[in-house]
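Next comes just one chain, in structure tokens: the form predicted on its own.
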């Protein structure tokens, strides 16, 4: 691999550029018209325009992105996260064009992208799963019977969904048929497939996940994370390792995630996500994300590994760069997603020019951002401004360092979610690991009433 095309923008484009440069790989980054003066465009060796502002006509335009990769003489494509990163058709097109795809095979992406099939694959690999339907559900009496076997409350999930989208809660049998019909219509419109499946609902569960790395034949894990602090299924802060997880549960989800990766001949980085019930100590499979995760830095902080570098090495050399017994874990890390949003106005995006941007420093503090002072946050894309990552020798010390680091952040020109992050890190529920994935919805005062 000599010349890498980065089919993404913002902080993840910057992140990939830096790791590639350390490996001696030249980089070309895709940009839309508003991003021609972005930090990523300035940092890369070159940039290529792929279209106007709307993502559908630029970063999601498969033909334009592939043409730019080929025209710029690149021999590999890194999709980052979001956009085309989990698009099996695009991955296949990249490979058919003779380029290296930095990610899993199109077949693995397609398998894990179908949540019902992924659930069945997980079950066959020995991954614990929640009680639920076997594949997509039907209609009428069969549907009612299936709901009774699973029990209420349950959730209706779009088979092609993911990232918290395409999920509807059903608390009573009389609502099941209508909810499934609505969910099927929504799934068809949003994902192109009306298939949905049923799964038991855990009300106060934590969201934990395992980072895996595979080469298509073998696989290892790089530890676990907790991503329970969410708003409307979107993660706000993450930590590694997952706290207050019984040793037996931790070992089972790690081992079974590796088995799943091996079973689907997984290549590259992937994340196997679980719900964990602290009352029953039950962990159950949610989905597998076939890409680099936003929260990968906390894993890097506790392992000392550069996950993007490992990803590039696997793609370029075709084999795992390290063995399981070479992975070491040390300390505890948090990641805080700082978004350009206004919490007082229902978390509306807050685009604008960053007039001032001061970040904290000191040992164990890292900033991943695609912006610098003077950058313009456009209204067309995700509102992520930066990720603040904090490490220390223990969770208690990492919390104390996080409080200090968050207090030193100074952003002017746009509204941000900084006040929410500062409040969350000092909540006793988080310190005592009593929070769960619905915590913010049950604590609306933290959101200014905008739960």
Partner chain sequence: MADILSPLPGIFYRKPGPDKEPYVNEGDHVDVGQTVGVVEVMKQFSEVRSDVAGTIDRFHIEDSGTVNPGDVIVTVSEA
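Keep in mind that this is a model prediction, so the values were computed, not measured. Numbering follows the first chain given and starts at 1.
Heads up, the form predicted in complex with its partner chain isn't pictured, but that's what we're talking about next.
Interface residue among 378, 322, 373, 144, judged by heavy atoms within 4.5 Å of its partner chain in the predicted bound form: 378. For the residues 348, 95, 327, 185, the 4.5 Å heavy atom test against its partner chain in the predicted bound form is passed only by 348. In the predicted bound form, no heavy atom of residue 407 sits within 4.5 Å of its partner chain. Contact check for residue 416: no non-hydrogen atom falls within 4.5 Å of its partner chain in the predicted bound form. Taking non-hydrogen atoms only, residue 382 approaches its partner chain to within 4.5 angstroms in the predicted bound form. Its partner chain is not shown here, but in the predicted bound form it comes within 4.5 Å of a heavy atom of residue 340. Only one listed stretch (35-43, 49-57, 417-425, 398-406) carries heavy atoms within 4.5 Å of its partner chain in the predicted bound form, and that stretch is 49-57. Interface residues of 219-257, taken as those with a heavy atom within 4.5 Å of its partner chain in the predicted bound form (partner not displayed), are absent.
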